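Take a look at this single chain in structure tokens; it is the form predicted on its own.
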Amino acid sequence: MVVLAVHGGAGGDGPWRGMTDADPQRVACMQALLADIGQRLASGELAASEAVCLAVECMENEPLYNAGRGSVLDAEGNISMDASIMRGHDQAAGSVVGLQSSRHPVRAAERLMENGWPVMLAGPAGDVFAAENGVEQVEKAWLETQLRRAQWNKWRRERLRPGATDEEDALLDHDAEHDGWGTVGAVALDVHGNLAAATSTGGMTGKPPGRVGDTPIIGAGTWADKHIAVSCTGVGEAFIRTAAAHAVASFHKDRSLESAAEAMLDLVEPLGGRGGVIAVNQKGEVVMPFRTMLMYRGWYRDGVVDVGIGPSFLQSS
């Protein structure tokens, strides 16, 4: 059994109100990467760690996701990106914090993982390392989109809390004011039974410069070992305080994968940890629970691609 699963973030309150004009582009991104990378994973061409890195890179390229190009702006109007990756069979990991010029933060994290030491780099040193290890560098103007600038302008004008505009498609003039989705992620099981997970984010609109969420923290936003791979999305501080991704692995030792994921969401909820999680185990079981209005998500398994936004999956392909 080979599995590739991805998420594009979770957020919102109340019932799902259906697809927006921007959602077909997000869905098309998920469908294309799952079909391509999933087939390459199934053929044995890709190991799990490379599959999750490529999947996240695809979402970092899609400007309607909040990672890489299209990342949200912090309180000073700048872009600051975080990412992490973990390989299950040896628990090797790489993490970057506060990158500002690397096109693919997840690839910078992957290069750290392959390098073996250190596990984490922050700020300009992370971009320097990325450049020295073949990760493309870009200008801020390339990373920033009109949508994210419009969200930031509204955040600043109306003095909203950080993240208040992140669920809002400014091009659609929505008025949502909830904590928003802030990550993309992937988990995979390859033909050799190896697992891996990766996560990437631009954070939340109006975040204080230097703020770090759960995404780059191994065990909070990302975890993989010989038995499970996990990527989280939601209000990062609560996921940090509970070591949420690792908690799924711990719960899974004596309960089903579904029960383990739900138990983690129960754990973060009292701390304001609204969000979701994707996880796959060595048996090829995969779960994608969320406690928000929606979560962009999809998987490839047995040659079939399924994607969803609200409570139900869309048509399979």
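The shown structure was predicted, so the numbers you read here are calculated from the model rather than taken from an experiment. The first residue of the shown sequence is 1; numbering continues from there.
Below, we turn to the form predicted in complex with a small molecule, even though it does not appear here.
Novice: Heavy atom within 4.5 Å of the small molecule in the predicted bound form: which of 88, 203, 98, 206 fits that? Just give me the one.
Specialist: It is 203.
Novice: Within 4.5 Å of the small molecule in the predicted bound form, heavy atoms considered, which of 73, 135, 112, 235?
Specialist: Answer to the contact question: 235.
Novice: For the chain seen here without its partner, which of 136-144, 113-121, 241-249, 214-222 has a heavy atom within 4.5 Å of the small molecule in the predicted bound form?
Specialist: That would be stretch 214-222.
Novice: Is there a heavy atom of residue 231 lying 4.5 Å or less from a heavy atom of the small molecule in the predicted bound form?
Specialist: Contact check for residue 231: no, nothing within 4.5 Å of the small molecule in the predicted bound form.
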